[in-house]
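Okay, here we've got a single chain as structure tokens, the form predicted on its own, with questions on binding and movement later.
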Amino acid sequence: MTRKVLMKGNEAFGEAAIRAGCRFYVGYPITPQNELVEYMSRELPEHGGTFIQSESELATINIAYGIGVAGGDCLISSSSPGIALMQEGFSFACMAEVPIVILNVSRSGPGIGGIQPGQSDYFQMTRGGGNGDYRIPVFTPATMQEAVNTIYGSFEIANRYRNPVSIMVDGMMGQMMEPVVLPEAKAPLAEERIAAEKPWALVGRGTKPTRNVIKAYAPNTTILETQVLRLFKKYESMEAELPEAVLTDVEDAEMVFVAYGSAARIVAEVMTILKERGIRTGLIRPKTVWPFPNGAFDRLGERTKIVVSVELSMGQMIDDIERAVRGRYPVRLINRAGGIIPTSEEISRIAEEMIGAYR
């Protein structure tokens, strides 16, 4: 019999990382992810790991950069304003090809904003605020179990591509409690395994005839362009291999919702309400927002009249949806901002008004 454990989101995130073999965590307290910092400070040393509370988010990303360069599997976490401060470091990590797992328990903004949940970090996470041409995969789980599974697998993805990987959840998921099945614990990488599995890492020269060099600098334009082009070959592989979405009843739907994370949980109830009112609805729930699951929109049927994005922001996902739709359907938005969570009845009422114009 599979044993489920009732856990708070932020604590489940930390446990998933520990069970994935992560033995380094760097973070700085910020609501609504403080429980994760507390959990890792208590639990990670019990598993032979190293917990570092940095003096700032700027320090967090740069300490993690050093750990990644030495081959350590490192998790960092923060919330929206803190992630903003790390953007320069993300650019450096991508240029130097340093794997780091990043967790953003997002809140409302702009600026300091509020501590309530939000999804207004979509541009920040999918477009990036650091300089230059770089990309970071962004996963958006909608349930605690999915978040646990995503974090558990993210270290393998980061190491496979030698690139940072990010997971974006909102404050509601960080604070809620749900039963989860915890995955089997992996053995952390010992020094000899790091040398074998990460031959690029700076772990000492040993018997190698040459030393490794990792840098986020190119001495001339030709070398820099060559590196950027090589990086984008890697990003093309990510776009081919990583996009993922969950589709529900889209083939027969006249209205198809697009939502991720907590918003998708609300939409699931909206679909039940609208079905009782005679409106056929479907849902595309992106599990990755970069790479965006464009192919999922090719599954829409002939009966589809409208595509509706439901977001806890001012519509930051709309651009990606419109690219995926390619003008085949009108795209509309139902949203709240500022940390306000819409009710299922509120969304249902607006959706019913929207579909009425296309019937």
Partner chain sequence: MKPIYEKTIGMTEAELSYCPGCGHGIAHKLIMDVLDKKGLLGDTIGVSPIGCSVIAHQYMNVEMCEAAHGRAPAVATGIKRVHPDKFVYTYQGDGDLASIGTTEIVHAAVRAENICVFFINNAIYGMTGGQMAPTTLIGQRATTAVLGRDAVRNGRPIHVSEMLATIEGAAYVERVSIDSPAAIRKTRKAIERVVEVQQRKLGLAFLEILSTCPTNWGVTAPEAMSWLRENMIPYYPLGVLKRPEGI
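Residue numbers count along the first chain shown, from 1. In this text, all values refer to a predicted model and were calculated from it rather than measured experimentally.
What follows is about the form predicted together with the partner chain, which we do not show.
Listed stretches are 53-61, 287-295, 327-335, 313-321; the contact stretch with the partner chain in the predicted complex is 53-61, by a heavy atom cutoff of 4.5 Å. Residue contact with the partner chain in the predicted complex: Leu229 places no heavy atom within 4.5 Å of it. In the predicted complex, at least one heavy atom of Gly206 sits within 4.5 Å of the partner chain. At a distance threshold of 4.5 angstroms between non-hydrogen atoms, Glu156 is out of contact with the partner chain in the predicted complex. By the criterion of a heavy atom within 4.5 Å, Leu224 is excluded from the residues contacting the partner chain in the predicted complex.
Shown without its partner, this chain lists Pro29, Pro45, Gly66, Gly301 as candidates; in the predicted complex, only Gly66 has a non-hydrogen atom within 4.5 angstroms of the partner chain. Though the partner chain is absent from this view, in the predicted complex it lies within 4.5 Å of a heavy atom of just one residue from Val180, Met238, Ile194, Leu247, which is Ile194. Contact with the partner chain in the predicted complex, defined as a heavy atom within 4.5 Å, is made by none of Lys4, Pro141 and Tyr260. Contact annotation for 211-249: residues with any non-hydrogen atom within 4.5 angstroms of the partner chain in the predicted complex are Arg211, Asn212, Val213, Ile214, Lys215, Ala216, Tyr217, listed in sequence order.
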